[in-house]
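As a starting point, one isolated chain is supplied in structure tokens, in the form predicted alone.
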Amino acid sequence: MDKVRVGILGFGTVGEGAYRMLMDNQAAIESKSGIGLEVVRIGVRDMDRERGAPRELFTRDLESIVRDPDIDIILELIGGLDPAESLIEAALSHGKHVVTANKELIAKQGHALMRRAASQGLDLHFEAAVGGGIPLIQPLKHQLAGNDVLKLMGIVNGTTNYILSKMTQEGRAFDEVLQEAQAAGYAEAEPSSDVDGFDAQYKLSILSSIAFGGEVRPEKIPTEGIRRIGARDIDFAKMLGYRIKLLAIAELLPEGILARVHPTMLPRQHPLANVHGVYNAVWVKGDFVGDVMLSGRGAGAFPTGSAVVGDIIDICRNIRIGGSASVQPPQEGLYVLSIDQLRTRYYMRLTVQDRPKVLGIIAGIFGEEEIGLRAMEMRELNDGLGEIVFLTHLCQEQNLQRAMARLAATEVVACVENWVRVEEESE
């Protein structure tokens, strides 16, 4: 074969970024892949918009692209499940390699699609589905594959990292910073997928399935967003030596895999605590390699387009040498633990009645639930109320939840205002 022909499905931010890179860096890309490359068709829903590619390349008939016998690689850059899933299935059934940036599809249906691609000797690559331009999937599949991954933690959503960074640096409220992020294009008009943690959930499903070699379904990952994080909690975190980040965490325990997405307090000196703005980063601990951190821009036309083009080059090399697919579907049957089995440290903030014996009653409940306290701050409020902040020692999640329910039911606690899990560098 003297030339590989590419069809693109979707020409939004990522599609246009990938196309621009393929055109601007064509000579270098062909030199690195060892074969010619040509974009021959682009499928879109709206033919009337002005786009950065020749008009004759465009069509509304996306099915014709995946059926075209002259096209070798399909780029699926539509997003979502429908019609992306059926188009990828059709592409594979017609013997085409596939590159996608579709995190939701790969998280929910990627295991089945990978098995199908592997059975047909085809490539299915999705580096751009997690972390934009940061190389994460390939290092886990190749360079780190000889390690047993013990734990990975990541800031994998730029929107929430931007919001929390602004709240921390400027002391501003969540709603105000969210509106600014929307105006700047960092957050969608309907931001639930980002701020409620589902975007990070999909990405953690993908990363942990590869890192631990077994299917980790997104619906099995407990997920909490950042809406409940307020300026008060961020101020206390600063005072206690922490920063709050939305983290995607997965770790290997003797009983199975424990995966979770939630706001987390990190010590200021932790590398992830110093990743700010729209940047993403993933920290990995391997049994032989030790600690590794990869960081960069997690979204945008050119960073994500760069990851797409990297996958295209990988496929072109396989096509040129007639090699088999590099897809390795995760195994089934990986046991995913309940978050009740988590042991970690916690921050808790209470509003209490400002009167004698309050602290003794609270300490008694903690003691009965086998929760040790390692730090405490108390402040007087108005109207006969006080505020108490606790940091706990390592304890079981289910014990902490029982303690909070009991505290909320006592007459001395006016409100359990908030609580946040804490990750220390040694854990």
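From 1 onward, residues are counted along the sequence shown. Quick caveat: nothing in here was measured; it's all calculated off a predicted structure.
Another form, the form predicted together with ligand HSE, is not on view; read the next lines as being about it.
Would you mind picking the one in D123, E76, D311, D194 that has a heavy atom within 4.5 Å of ligand HSE in the predicted complex?
-> Of D123, E76, D311, D194, the residue with a heavy atom within 4.5 Å of ligand HSE in the predicted complex is D194.
If you check K245, K103, K96, R260 against ligand HSE in the predicted complex, which one has a heavy atom within 4.5 Å?
-> By the 4.5 Å heavy-atom cutoff, the listed residue in contact is K103.
How about T159: is it within 4.5 Å of ligand HSE in the predicted complex, going by heavy atoms?
-> Contact check for T159: yes, within 4.5 Å of ligand HSE in the predicted complex.
Decide whether A299 counts as a contact residue for ligand HSE in the predicted complex under a heavy atom distance cut-off of 4.5 Å.
-> So A299 counts as contacting ligand HSE.
Heavy atom of E127 within 4.5 Å of ligand HSE in the predicted complex | The answer is no: E127 has no heavy atom within 4.5 Å of ligand HSE.
If we take heavy atoms and a 4.5 Å cut-off, which stretch out of 339-347, 199-207, 220-228, 174-182 is in contact with ligand HSE in the predicted complex?
-> Selected stretch: 199-207.
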